[in-house]
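What follows is one chain in structure tokens, specifically the form predicted alone.
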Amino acid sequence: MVVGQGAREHALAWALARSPHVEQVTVAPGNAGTLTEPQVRNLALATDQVDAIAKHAEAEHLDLVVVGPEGPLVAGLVDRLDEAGVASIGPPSHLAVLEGSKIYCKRFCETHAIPTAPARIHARLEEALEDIASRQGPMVIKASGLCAGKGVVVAETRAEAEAAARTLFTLSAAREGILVESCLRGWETSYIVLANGTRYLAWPSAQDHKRLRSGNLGPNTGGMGAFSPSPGMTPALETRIRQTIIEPTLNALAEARTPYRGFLYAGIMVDASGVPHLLEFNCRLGDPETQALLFRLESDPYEMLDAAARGQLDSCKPRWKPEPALTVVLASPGYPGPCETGAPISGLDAPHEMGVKIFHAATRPGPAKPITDGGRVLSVTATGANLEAARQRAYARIRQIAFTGMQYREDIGLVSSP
């Protein structure tokens, strides 16, 4: 079973269904795209129905459950699966707090000397505004709780920072408070590992595009596109990320007798001196990075995930295609704010060249064709001999697709590391 309904979950279901070990993949709840995949079926259970999902997995004797989004992890789905004796990928709720609470994550990093931006934590708006007034230059304002990638504001001025603090304090995600951070400058990369205890498999690097509009303009989003590998990633930098961020985290958890199981995603800022700093931890695969990464996976995904769930990572050696892959997100009008939905999507069945796949996110079946059902609607993913070839394939396919108000960035793969 794959838990979730976005493009990340569509990509996971598509990849797993191709494994010779897998007879059927159930997606809870899935979308209009997962409905079309061979050996894949949807189950009408929302991701917050953690008890019902766990009971279904136990009753159906499912061999493996892969939890896609962060919400059910924080809500304790893996805890319930563990109690039921069902193998799963994802940490229990007391470890998912690394993502569920940015305040907890910041304190964890400070305790274990993991490089990250200096920050102050504020439980009251008045305190945050006083802090902001005392600072010069750009700063980052973060709500502590889950915000689907939209609870972070990079403020260039005090006025922007004050407005962000006022807005974030109205959200339920700020119940615990907000953080006011120094703004790190450099280039970003995503580094994902699949772990069980202190053992882990590193996935290839990827680079996300968080801002809404081309040229890295507009508000932060859950991600408007990604590509892999990241051109700025070198063996020396990768070693430094492992030694200063990934391994200290896994070691600290193991020493506290709470070994980590599942995906650990590190959002990294590499400064002008080449030093990596942790921006955030996610306790699951990234979206849209997953779509590009799974397009590059050559070996069997089930074997790797099953090995991680059962503590047998030493026996697994995944293979990755050398060719790059790229994904572009098509979003509804209004995203990342309130969105107009219910628009028919045309062009999904148009003839196209090989090496391209459309992963559905916010879609549901309509009377004649799928219709939009949320913010990020589709992820158009392509591979090619080089990054530019992958770009050309993806954007050629995008030109065949249409729905009312469709918006997307035109520079995915062009905005990269220095």
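From 1 onward, residues are counted along the sequence shown. Everything numeric in this text was worked out from a predicted model, so none of it was measured.
What follows is about the form predicted together with a small molecule, which we do not show.
K.L.:
Decide whether R242 counts as a contact residue for the small molecule in the predicted complex under a heavy atom distance cut-off of 4.5 Å.
P.N.:
Judged by the heavy-atom cut-off of 4.5 Å, R242 is well away from the small molecule in the predicted complex.
K.L.:
Is C316 close enough to the small molecule in the predicted complex to count, meaning some heavy atom within 4.5 Å?
P.N.:
Close contact is absent here: in the predicted complex, C316 is far from the small molecule, nothing within 4.5 Å, heavy atoms only.
K.L.:
So in the predicted complex, does D131 come within 4.5 Å of the small molecule, heavy atom to heavy atom?
P.N.:
Residue-level check for D131: no, no contact with the small molecule.
K.L.:
Contact with the small molecule in the predicted complex for A202, defined as at least one heavy atom pair within 4.5 Å: yes or no?
P.N.:
Output for A202 is no: heavy atoms all beyond 4.5 Å of the small molecule.
K.L.:
Run the contact test on H10, R296 and A325 with a 4.5 Å heavy atom cut-off to the small molecule in the predicted complex and return yes or no.
P.N.:
Verified in the predicted complex; spot residues all out of contact, no.
K.L.:
Could you spot which one of E162, E303, E280, E238 gets a heavy atom to within 4.5 Å of the small molecule in the predicted complex?
P.N.:
The residue in contact is E280.
K.L.:
Could you check which residue among S182, T198, T258, S214 gets a heavy atom within 4.5 Å of the small molecule in the predicted complex?
P.N.:
Filtering the options by heavy-atom distance leaves S182.
K.L.:
Please name which of the stretches 86-94, 272-280, 245-253, 326-334 has residues with heavy atoms lying within 4.5 Å of the small molecule in the predicted complex.
P.N.:
Stretch 272-280 is the one.
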